[in-house]
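The chain below stands alone and is given as structure tokens, in the form predicted on its own.
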Amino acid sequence: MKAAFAKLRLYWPLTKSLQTGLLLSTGLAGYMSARCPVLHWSDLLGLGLSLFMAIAGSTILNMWYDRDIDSVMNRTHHRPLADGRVLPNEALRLGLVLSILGVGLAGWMAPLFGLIVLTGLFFDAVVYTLWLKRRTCWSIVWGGVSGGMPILAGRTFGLGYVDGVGILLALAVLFWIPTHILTFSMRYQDDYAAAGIPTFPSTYGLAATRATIAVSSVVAALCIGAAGVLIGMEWGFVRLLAVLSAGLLLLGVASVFRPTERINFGLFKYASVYMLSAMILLSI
């Protein structure tokens, strides 16, 4: 038993639990936006389990492939694969097993749900990580497409079909991704340069990157707000969502006109809090 817990502690960082948890929360929120109150808790449990396995599996595959660049970045060189605590073959097997189980369970629950989960995994592991991440800074767009799939999958599972609100929610996550990722790439420019990874700051400069963050923040907030109104969110929650969105927009604008390291990192942190809060409001 002690050995099993030791293995779990070793493997758990491979899932990037905070990132996986945030994406999982979007999937659950998407489902609950279509099925609230939840009458069949077994469906919610199956949805959560399938999404968790697919997202975690894809993340582990990403870390398996990126272990070489992780080893030369100060921010990531201590990760279990990068420092040799986990063998590459072990991580590859675990990532493949979780991915197959996650997509398989989703497809068994509902074919369309499974197809969307598979699409998200494909865009993340193949298009973003294997193909584009080391070639172009625009890879984040395709990573954003993958990030939008859990919430679309959750809502589609709840409804049985893809609707406009689901697409709006997926777009909200897609445009939220630059706010999250680009602020990160500005903070760790030297790390990405050492690893040879093209980023928006290194390609287009800091001013253009900050402007991109501000615009994407506006679009993400508008998409979430429109989706909330369309699903019939109570006005009290809509107003609260508007206040949260205003905070995101103010930080985005401040990063353009009064750029500082503190504002940049504050925007990075707030973006995650904003998305999680928005998902909670959509759920209740």
Partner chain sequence: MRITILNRLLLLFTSLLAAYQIALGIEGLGTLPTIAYTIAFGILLVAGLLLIILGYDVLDSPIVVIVTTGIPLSLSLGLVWEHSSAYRTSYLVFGVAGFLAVLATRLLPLRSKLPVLVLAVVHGIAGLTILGLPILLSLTGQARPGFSLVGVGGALIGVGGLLLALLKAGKPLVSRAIILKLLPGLLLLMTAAFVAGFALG
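Positions refer to the first chain, counted from 1. No experiment lies behind these values; they were computed from the predicted model shown.
Omitted here: the form predicted together with its partner chain. The next part is about that form.
Proximity to its partner chain in the predicted bound form holds for none of Gly84, Arg93 and Gly104, with the criterion being a heavy atom within 4.5 Å. Partner proximity in the predicted bound form, defined as non-hydrogen atoms within 4.5 angstroms of its partner chain, places exactly one of 22 to 30, 244 to 252, 65 to 73, 41 to 49 at the interface: 244 to 252. At a distance threshold of 4.5 angstroms between non-hydrogen atoms, Pro13 is out of contact with its partner chain in the predicted bound form. Although the partner is absent here, Arg9 lies well away from its partner chain in the predicted bound form, with no heavy atom inside 4.5 Å. Although the partner is absent from this view, Ala34 stays clear of its partner chain in the predicted bound form, with no non-hydrogen atom inside 4.5 angstroms. Its partner chain in the predicted bound form comes within 4.5 Å of no heavy atom belonging to Val219. Along 232 to 247, residues Gly236, Phe237, Arg239, Leu240, Val243, Leu244, Gly247 each place a heavy atom within 4.5 Å of its partner chain in the predicted bound form.
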